[in-house]
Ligand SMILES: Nc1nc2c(ncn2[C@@H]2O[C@H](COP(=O)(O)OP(=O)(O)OP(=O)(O)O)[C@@H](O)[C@H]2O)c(=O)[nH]1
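There is one chain below, alone, in structure tokens, taken in the form predicted on its own.
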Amino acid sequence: MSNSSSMMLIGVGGGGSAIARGIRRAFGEDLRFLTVDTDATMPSDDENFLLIGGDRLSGHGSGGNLVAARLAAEDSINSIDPEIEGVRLAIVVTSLGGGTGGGATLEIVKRLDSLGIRTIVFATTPFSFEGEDRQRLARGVMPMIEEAAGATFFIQLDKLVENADRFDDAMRRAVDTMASAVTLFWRLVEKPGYLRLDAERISHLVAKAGRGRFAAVTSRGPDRARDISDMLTRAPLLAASSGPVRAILCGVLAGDDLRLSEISTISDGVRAAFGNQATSFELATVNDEDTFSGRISVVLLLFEANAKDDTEETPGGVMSNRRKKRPEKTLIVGPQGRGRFNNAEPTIWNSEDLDIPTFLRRGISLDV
């Protein structure tokens, strides 16, 4: 792949940039990518690094201040345009909870959306031990990112690190897990396979896909397909979330020894575990003997009911914009954006956007 690719990886902030660099190491030098940060001292590849907020922050970072990072992104948002020329699908990786990831990601995703670029956002949320303040900041920005992006994956760091004990091992495992999943997804789109999934089809698929879950697993041996199905069923990142699964994307990556029976075993296992209410199921394969000889890797993306609004399936895509009639006497409160304040300057106090109602900022559900 060269810089003429219509796909691009964008890492935002220190955490997101670390994940992006991990993905590039796993995929190879040909991956088109960009890291964006307010801190000029962070490790970077100068050719693929964009410093934002230079006049406001002088390259010293946001100091964990979400508002400062968001204003820095607003100041510099036009500087991203030359870097994304020709891009039709962007995968954005970031870490929420304050700082540049929490503050700048929203502005970057909004800019991409305004330019007609589809976005898939993979965002980590803070460890539980980091405290309620950081959790609240992450929850506050999640619905706004969700409104601007095509598909969003919000991943708790606690689930990413599993049972790691040492902190450095935990962070390495978090980066490696994210990198593995995104790299497999990237190969699925960029590499030819018998069942092809190209960037244009992905763009259409994620146009209004909403919030999702993902996992990536690998197995070898004579029972590898059955093992894959079992591992996906037990994957912590696929554990039940806020809504039923409406659409499934299953990518199978293997060498030339991939058998039809193995594809069927994996497909049937995924459908049985997650597909009871799914209205769309996409299966794609990559046949790459050099990379996957003797093994099968699967990346699974599960999309929940659209968080932007209640939608219905259409023949041409995952979901449409038509609203379903809501039951009477039920007030359903899901993630929302800024509504009529979307294009207005936010009212910020104590790092909170007061234009968003309190019950939304604090993730409170109302039942009547």
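It should be emphasised that the depicted structure is a prediction, and the values quoted were computed from it without experimental measurement. Residues carry their position along the shown sequence, with the first being 1. Superpose the two forms; the largest set of C-alphas matching within 1.5 Å is the rigid core.
A second form of this protein, the form predicted in complex with the named molecule, is not displayed here; the remarks below concern that form.
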Q.
Is residue 63 near the named molecule? Define near as a heavy atom within 4.5 Å, in the predicted bound form.
A. yes
Q: Tell me, yes or no, whether residue 111 is in contact with the named molecule in the predicted bound form, where a contact means a heavy atom of each within 4.5 Å.
A: no
Q. Does the 4.5 Å heavy atom contact test between residue 295 and the named molecule in the predicted bound form come out positive?
A. no
Q: May I ask you to check whether residue 13 falls inside a 4.5 Å heavy atom distance of the named molecule in the predicted bound form?
A: yes
Q) Which of 237, 278, 157, 71 has a heavy atom within 4.5 Å of the named molecule in the predicted bound form? A) 157
Q) Within 4.5 Å of the named molecule in the predicted bound form, heavy atoms considered, which of 130, 223, 268, 200? A) 130
Q) For the spot marked by 18, 98 and 171, is every residue within 4.5 Å of the named molecule in the predicted bound form through some heavy atom? A) yes
Q: Heavy atoms, 4.5 Å, the named molecule in the predicted bound form: which of 278-286, 98-106, 179-187, 83-91 makes the cut? Say which one.
A: 98-106
(Q) So that I can tell if residue 130 moves, could you say whether its C-alpha shifts by at least 2 Å between the shown form and the other one after the core superposition? (A) yes
